[in-house]
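Single chain ahead, by itself, as structure tokens, in the form predicted alone.
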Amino acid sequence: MIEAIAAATTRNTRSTVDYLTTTHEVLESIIDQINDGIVIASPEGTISYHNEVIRGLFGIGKETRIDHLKDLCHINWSKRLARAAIDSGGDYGTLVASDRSIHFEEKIHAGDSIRFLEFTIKRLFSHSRHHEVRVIVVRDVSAKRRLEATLQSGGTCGLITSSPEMLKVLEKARQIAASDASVMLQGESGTGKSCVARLIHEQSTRNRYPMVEVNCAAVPETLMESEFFGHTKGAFTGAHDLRQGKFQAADHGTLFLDEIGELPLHLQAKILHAIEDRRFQMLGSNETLNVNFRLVSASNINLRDAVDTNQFRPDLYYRIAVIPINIPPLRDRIGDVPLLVNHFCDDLVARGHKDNIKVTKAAWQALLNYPWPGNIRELNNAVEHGVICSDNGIVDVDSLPQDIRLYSREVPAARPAAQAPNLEGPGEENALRNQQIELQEALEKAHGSKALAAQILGIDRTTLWRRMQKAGLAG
């Protein structure tokens, strides 16, 4: 577009007057037909032309004059252009001296709305090169950014961290990405295991091929073989067409088996054979298919304990856990909570929420004290709940989900979350001791699995965490 404008505006120029006249005639005839904003300005920032689209993009009324770039929005143009030059791998002086276009994107306030605008700036000259203007094309990419934010929501949130332990995990993930060794990611639900799996794939040499994800807990047991290995037409009732399985779909790429601990024992042997030999047969076929993929697995239960209780095959465990990585829970990296909250707030703004979100001190205290049994996934939901239920953008304790509100009342802010309260009287001491014993017995029966312990006690995981905090058992 800019090249077309350049050709039109520099054609048949004889003088400054002819140049500007031609510029206006051409622009007024063709620019009104496009949806992008166009600005022509001097090197000093004085605007000689803009189309009407510009007013709509920047939320400027017809009664307001637009004479200078600073009238458009609060952008420090010199600094922004310099940063854009650096981001492109050059320096501002060299880029400005050339005829190359400069590109950057900016989030701006247009009246009461937030817009994401894409700027393209190019220098244009008369034939004598004595007269210079800057042509700026402004495109609204807000819808695109909001769609991306919606599709990617939570996709990388677990990788936003300042925790030394989590940084070590990410560094290890990058270090092992180049190999083809099988990786086993262990961690509670919602800690970001799938994010680490994607990081391993993206940093590997297989990133040109797909990463195929299978949530083993979400596939009905009767359909698991078909899901993994595919089937031929007529292989079973309802198999009307040939269907490729996940193993074949991951050829040359990465196969990510999430919640692999949910695989039934009778299927684990067949999965082991396919993983070891990298070959299998589709249901209903005698033809052996060879595949080449990198395996990454994840589980929110301790698979070593599952092996000891005969719930998981030891040979499969040792095959998939060549490189084990433990993802720390959010309560062990509580310093990440502010980083993640700010990230989720920015994400909500990108998805269309107003950019006036503020979290009160009391709400921050509640968020930092809460043990987060659902980890980052729960925090993401809590932030969205708080923003939606906020009063004029102010997120207070009453804006947060019920579990966090109840916990903040039961555990005063002045007391560390893992410290048990001081109870008065022998009756209350006995009640606390009995609850400690009950919790310890349930955890022993569940082999340390808090999800299973909660089921044994007939309570949800959040209630379990509250009781563990009161009994001084959470750490």
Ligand SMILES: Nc1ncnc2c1ncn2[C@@H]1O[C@H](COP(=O)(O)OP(=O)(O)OP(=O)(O)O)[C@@H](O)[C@H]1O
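Residue numbers here begin at 1 and follow the sequence given. The structure presented is a predicted model; accordingly, all values stated were derived computationally and were not measured.
FYI, the form predicted in complex with this ligand isn't displayed, but the following is about it.
Would you mind picking out the stretch of 202 to 210, 175 to 183, 385 to 393, 372 to 380 that comes within 4.5 angstroms of this ligand in the model of the complex, counting non-hydrogen atoms?
Answer to the contact question: 372 to 380.
Hey, in the model of the complex, does R134 get a heavy atom within 4.5 angstroms of this ligand?
Although this ligand is absent here, R134 would stay clear of it in the model of the complex, with no heavy atoms inside 4.5 Å.
Since only the chain is shown here, I'm wondering whether F280 would be in contact with this ligand in the model of the complex (any heavy atom pair within 4.5 Å).
It does not: once this ligand is placed as it appears in the model of the complex, F280 has no heavy atom within 4.5 Å of it.
Using heavy atoms and a 4.5 Å limit, would one call S163 a contact residue for this ligand in the model of the complex?
Answer no; every heavy atom of S163 is more than 4.5 Å from this ligand in the model of the complex.
Using the partner position in the model of the complex, report whether R331 sits within 4.5 Å of this ligand, counting heavy atoms only.
Result no; R331 lies far from this ligand in the model of the complex.
In the model of the complex, which of the listed residues (S101, Q248, S189, S126) lies with a heavy atom within 4.5 Å of this ligand?
Answer to the contact question: S189.
Just give me the single entry in S399, S194, N302, T360 that has a non-hydrogen atom within 4.5 angstroms of this ligand in the model of the complex.
Contact residue from the list: S194.
Which residues in 339 to 368 have a heavy atom within 4.5 Å of this ligand in the model of the complex?
L340, H343, F344 sit within 4.5 Å of the partner.
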